[in-house]
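Form predicted alone, single chain, as structure tokens, below.
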């Protein structure tokens, strides 16, 4: 096992291969406060990539209702149970074990293998809330009920468990953008990647007898466009870009800004040790203990920052840019009440007002002899 730097954990950790970061790293940020669980992203992905034989129950992008939903069934609970109780104190490096460090001597990771039935219920637990409902459901509630939607794709991890576990070396991480792919000509369907990925984003196709996974929409990314799930997001909660490690972060890079500069977006289950490259702005209304378990001890700080956005025009501007273009934004700026997004060459690709103007019309229109209501 090699020693590699994991900045999510704030320390070095053990991994099968030497550290080898790509030239740039594909990444997505999700604002969970705006996800409406419409599954448009899931359908955009499915109609693009998983409409073939053996892919009937396969969703490279899915949206789960937390805390009760999961695809495959119980993936998060089972991984945490396998890893066991670990400690992570606020403002300190993670002192617990990762799935690589807690593995048995003969294994690469702590893992479990989902059954075929586990993959058959992608909407299990949808819209199920948790909390005290003793006062009934007629809105006379103390309001400790909560749930939130969690969209998930492959995280194209810096230290992928699937890549580490593959005996065929069929899985590789592209040096040009960090996207993790499976070479279908080398894969023999042993299922070690399915078993080892804690996020369960490598999936077995019984028809082709190979493993398949989210490909980060690399054909679109190579042309400067964001993935299908990002382009089609109704709630405009996503932005895909390229994240730098903290020691190379740029303030004008949208992903760097949200993750490093503001501390708004956090990785999920960072304690597993994969340094995943999808990040979430935590929901401000959900149970903090649950959120801490999922996103780590910086959750409180992230939520405090989110609540201050109303007084921060620059961050407001970046968030309104989410979903405003199908192109990849390599940099952004906010000036004179307008947010601008730029491509890799620095050319403007989109501009959006930070605050939309509202106009009030006379209630009675004498020209048409009509009475109109003003709506936002």
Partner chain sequence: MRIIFSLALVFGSVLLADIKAVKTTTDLSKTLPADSVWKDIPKEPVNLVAQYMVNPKPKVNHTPLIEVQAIHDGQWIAFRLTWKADSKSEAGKTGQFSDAVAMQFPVKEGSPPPIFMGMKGNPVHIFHWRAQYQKDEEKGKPEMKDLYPNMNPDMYPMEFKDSGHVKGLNAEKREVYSPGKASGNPQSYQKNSAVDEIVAEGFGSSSVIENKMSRGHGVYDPKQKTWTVVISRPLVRPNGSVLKPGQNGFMAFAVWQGAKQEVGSRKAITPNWVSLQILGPT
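Note that the structure is predicted; figures quoted are calculated from it, not measured. Positions refer to the first chain, counted from 1.
Note that the form predicted in complex with its partner chain isn't included here; everything after this is about it.
Review point. Which of 108-116, 88-96, 250-258, 229-237 has heavy atoms within 4.5 Å of its partner chain in the model of the complex?
Key: So the stretch in question is 108-116.
Review point. Would you say all of 131, 263 and 292 touch its partner chain in the model of the complex, counting a heavy atom within 4.5 Å as a touch?
Key: Checking in the model of the complex: none of 131, 263 and 292 is within 4.5 Å of its partner chain.
Practice item. Let me know the one among 298, 78, 195, 174 whose heavy atoms come within 4.5 Å of its partner chain in the model of the complex, would you? Key: Going through each option in turn, the one that passes is 195.
Review point. Using a 4.5 Å cut on heavy atoms, which of 146, 121, 190, 225 is close to its partner chain in the model of the complex?
Key: Only one listed residue qualifies here, and that residue is 190.
Exercise for review: Indicate whether residue 82 is a 4.5 Å heavy atom neighbour of its partner chain in the model of the complex.
Suggested key: Heavy-atom contact with its partner chain at 4.5 Å: absent for residue 82.
Review point. If you check in the model of the complex, is residue 206 within 4.5 Å of its partner chain, heavy atoms only?
Key: So residue 206 counts as contacting its partner chain.
Review point. Looking at the partner-bound form in the model of the complex, is residue 210 within 4.5 Å of its partner chain by any heavy atom?
Key: The answer is yes: residue 210 has a heavy atom within 4.5 Å of its partner chain.
Practice item. Decide whether residue 167 counts as a contact residue for its partner chain in the model of the complex under a heavy atom distance cut-off of 4.5 Å. Key: Residue 167: contacts its partner chain in the model of the complex.
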